[in-house]
Each structure stands twice: as structure tokens, then as C-alpha cells.
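Next comes just one chain, in C-alpha cells: the form predicted on its own.
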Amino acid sequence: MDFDLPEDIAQHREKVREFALKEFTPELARKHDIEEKFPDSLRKAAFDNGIVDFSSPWKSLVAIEELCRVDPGLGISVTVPYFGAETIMLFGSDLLKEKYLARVNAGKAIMGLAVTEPGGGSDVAGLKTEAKKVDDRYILNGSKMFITNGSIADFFVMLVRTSKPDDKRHHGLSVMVVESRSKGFTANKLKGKLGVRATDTAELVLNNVEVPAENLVGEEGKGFYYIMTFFNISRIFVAAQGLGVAQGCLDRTLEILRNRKDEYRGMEEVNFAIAEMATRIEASRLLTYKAASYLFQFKPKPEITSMAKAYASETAVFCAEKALELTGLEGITGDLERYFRDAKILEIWEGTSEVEKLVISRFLTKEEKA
């Protein structure tokens, strides 16, 4: 078993790291965190330099890892303009792919995924946004909350209810592409977030928004399954975000400790903490790469994916906390303070850690019954 990545993937990792170290300056990261402004110039620079390479999912994964290693807020910002693309790739018509994905892949549009609602995040089957079919269009009413790219996206892949559920709550849901310029569509940018403030987050309000019937993704009523399929893909990349954040925390901790002249850096407790951070990062990386290898060979294992997402996210939070404990004043007045705030969202979006653990246990129970 070879644990080394192929040469082209390793070279892409180095290319991404060089880009991030050059472009993600501490001053720029601090500026976008304070102003809570999306770094569109960085998005364009990343696109022009081929940082996000859709020709290889492995290149995308290591790119996310290395970008978040240098700065989570900026790193996530330059990769989320494509958020939700896999749903159209897998289930959308040729018309939708040509009309929407072609623009995103050319760097000419930003997209988003709209699932979460004010009344619940993890309870996807309980969403209330309605889409009623009228002739050759759907009329949408409802709202979405905490939507990434909410006030900057040109369009969204949106999960809505097209019919009342039967005995199963997740039935009757559909996915459609909704343009932000549509009449009756309003986006309210959310400010004052704990972390990842460089990313754009908003509440979406839909008041009799008309969507052409041709914008339906796949079949009506199968939206829940499409979104769950997407989550089994996106969770791999959230795990990569966690890896990057955790590794970045360790990098900075070691840098600060090396520059110290006091006895603190040589204390046994400090060495133990560093060793535990490094071990958890390596375990997260192996778990994430294992889950990715199954997925990228079209043999996804949702339980392994959920293990990777939950563990890597929790490792990011653990390493951020340890980094502040070990660095003290230097940590809380420098980049590590921002890493600490940025890390927490990883345990929440794309399925909370609790949801991931439910997925794991359910798959194990199924195997046991079988």
C-alpha cells in the first residue's frame, strides 16, 4: 500500500501552497475578517492560476487543504463559488449544465446551495419552502437561512417542497435552480458571524418567485436523495478544510514556540500537546484520504465519509484550542485567534458532528442486521 500521492497531485499541492503564501497575506486576511467582505479579486486570481482544478477531485481536495492551512476564511472563500455544482453535474439536464455550470466553470458566475431554513438546519426533511407548479413554471414562497454566497451568488441550487409528504417526511422534496435576480427574491447579508467572516452568508426570502419548469433538477420528488448524495461528496471537502485548519494551527504554534527563549517551550506538557495535535492531524488525514479514495473511485462509503468529516472537524477545533493554550498572548493577538473562530463552523455545516455520528451508527447497525 502506497501512502504517497501521485507526482502530479503532489506538485499541485506545492503550487497551491505557493499561491496561498503569496496572496493570503496576514494584512489581507485581517482586513476581510474585520470588514466581512468577500475577496472577489482572490477568487478571480485563484481561477486564473488554476488553483481549483475540476479535472481531478484529488487536486481539488489538496487545494482546499493547503488554502485553509494558510488562512481558513480566505481559503474557503476562493473555493465556495462552485458550491453545489455536483448536484447539477450528477442530476441536471444538459440545458442546466450549459446554462449555469458553464458560466461557473469559466469563472463568470458564482453559485450557492440553499437548503437550511430558519426553523432547522439538520432536519432537512422538515423544510417548509414551497414550490407550486403553475403551467410551465413553479411559484416559490419561503425562506432560507445561513446560506453561503447568499448575497453574491448569481443562482442557487435550492431544495424545496413540491408536494406534501406521505408516510415518510423526506418525500415530496425537489431541487431546482433559482436565479437571484428573479422578481420577489431578496438576500439579506448576515454580519457579526463568529468566524469565516470573509465568506458571504445571507438569509434568502422568496415571495412568489417564478422559476421555469425546465430549471427542475432531475425528477420531481427526489430532491432529498439528490441532496444527500451531494452531502456525501461535499463532506469529504469539509474534512479537507478541517485538515488545513488543524495543520495551520500546528504550523503557527511551532513557529511561535521556536522563537521563544523561555523554558516553557521545552516543558513536558507542551511536548505532549504538540504530539497529540500532530497525531490527530495525521489520523484525520489518513481517514479523509481513505474516504476520498472510495468516493473518487465511485464506490462511496457514507459511514467512512462521516467519520472523516466529524473527526477532521473536531481535530480542527481541538488544535485551535491547544494552539491558543500553548501560545498565550502571542496566539490571541495574532492569526491563531482567527483560526480559533473559523474552526467551529466545520463541526456544523454539511451535517453537524452529531448528525455524522448518527450516519455512522446507522450504517453499522445495518451491517449488523445483514
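Everything numeric in this text was worked out from a predicted model, so none of it was measured. Don't overthink the numbering: it's just position in the shown sequence, from 1.
Keep in mind that the form predicted in complex with a small molecule is missing from the display, and what follows is about it.
Think of it this way: in the predicted complex, the small molecule has a heavy atom of just one of G221, G120, G107, P165 within 4.5 Å, and the residue is G120. Only one of the listed residues (N215, S234, T129, T116) places a non-hydrogen atom within 4.5 angstroms of the small molecule in the predicted complex, and that residue is T116. Residues with any non-hydrogen atom within 4.5 angstroms of the small molecule in the predicted complex fall in just one of 165-173, 193-201, 135-143, 287-295: 193-201. Heavy atoms of A10 never reach within 4.5 Å of the small molecule in the predicted complex, leaving it off the interface. Interface membership of E14, defined by any non-hydrogen atom within 4.5 Å of the small molecule in the predicted complex, is ruled out. Although the partner is absent here, T352 lies within 4.5 Å of the small molecule in the predicted complex, judged by heavy atoms. Contact check for T148: a heavy atom falls within 4.5 Å of the small molecule in the predicted complex.
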